[in-house]
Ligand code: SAH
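Coming up is one lone chain in structure tokens, specifically the form predicted on its own.
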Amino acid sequence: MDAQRIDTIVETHDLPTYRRQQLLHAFFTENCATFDDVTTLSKSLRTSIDLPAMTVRKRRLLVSNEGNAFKALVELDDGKLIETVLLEPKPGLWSCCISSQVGCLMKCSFCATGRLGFTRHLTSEEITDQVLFWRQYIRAEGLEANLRNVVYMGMGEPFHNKDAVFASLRELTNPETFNIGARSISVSTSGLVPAIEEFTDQFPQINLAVSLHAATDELRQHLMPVNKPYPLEKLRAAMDYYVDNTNRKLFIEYIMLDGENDQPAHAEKLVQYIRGMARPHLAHVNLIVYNPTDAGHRESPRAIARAFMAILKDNGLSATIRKNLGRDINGACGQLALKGQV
């Protein structure tokens, strides 16, 4: 459901303007899930609308043992499946992690999604409907949750599906529909440089996260094939472009792989790389202890991660270790792989 679908309904059924407002209110304020739920419409009108309200349908939903992570397997209109996650990283602060593709083409060695291969892009509506899905779930379950943040860190590389992702960002920030503040939205990329610059020009208030994971071309290309067309110097120039044109914090994602990129020498290389940015004080490093998949990597011990972070901080950089939520339901970063699909 989005503004375009509502406009299509209004036009198809020759409805007056106030009906459009009723539909907008029903789906984006009251979080109705079907047209039958829209009681401001007459029963005959509800019955006559033969368009589905949503492009995603729940197939399975898992809840973590701690109750602060929910993962949904949802089916699209063509039968393809994706996963989306609802998280509570801090009490009362809820975020949803949404997918932008069925599968992924990037083939990062540590990511379970990349092992699925790439099937197709999602449409803008399929992307934003994941946010509606979680709003409707919160309402239906009576959860004491206020969904405040949206992160494009689910299945797929958002900038590989640039046109649909950009359209979905406009919809999420549309005051008539989702009305989510730009600074409450984050987009993560593996480093598609041209799209980073376009994103900066069009969405300067939306957060950008860059998946780095190594600070030398040799190691990064081993972990992330995208480094071949867009090596570290080109990527740093794109990150500088974002920071220079937005004057906003840039998030650098760094997954901690035991014995591969987590040693003091790796931390020193990362310090050198970030210090080479035009405005390194605006870079914040999110250290992510690897979440187990079938990819053959191992997670860094927490003590190693803390020592790595200490080196960054001792050199004046901003850094934190991200709390991993939803591991027990394979809903943490890098784990979305449609396991146990039904």
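Not measured: the values here are computed from a predicted model. In this text, residue numbers run from 1 along the sequence as written.
One more form of this protein exists, namely the form predicted together with ligand SAH; it is left out here, but the text below deals with it.
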query = Heavy atoms within 4.5 Å of ligand SAH in the model of the complex: does S64 have any?
reply = no
message = Test of understanding: in the model of the complex, would C111 fall inside 4.5 Å of ligand SAH by heavy atoms?
response = yes
inquiry  = So in the model of the complex, is ligand SAH close enough to T55 to count as touching (4.5 Å, heavy atoms)?
reply    = no
query = At the 4.5 Å heavy atom threshold, is E125 in contact with ligand SAH in the model of the complex?
reply = no
message = Considering non-hydrogen atoms and a 4.5 Å limit, which listed residue (A267, V150, V85, I255) is close to ligand SAH in the model of the complex?
response = I255
ask   = With ligand SAH left out of view, which of F35, F308, Y290, Y273 would have a heavy atom within 4.5 Å of it in the model of the complex?
value = Y290
ask   = Counting only non-hydrogen atoms, which stretch in 40-48, 56-64, 24-32, 282-290 is within 4.5 Å of ligand SAH in the model of the complex?
value = 282-290
remark   = Checked 183-215 against ligand SAH in the model of the complex; residues with a heavy atom within 4.5 Å, sequence order, are S188, T189, S190, S211, H213
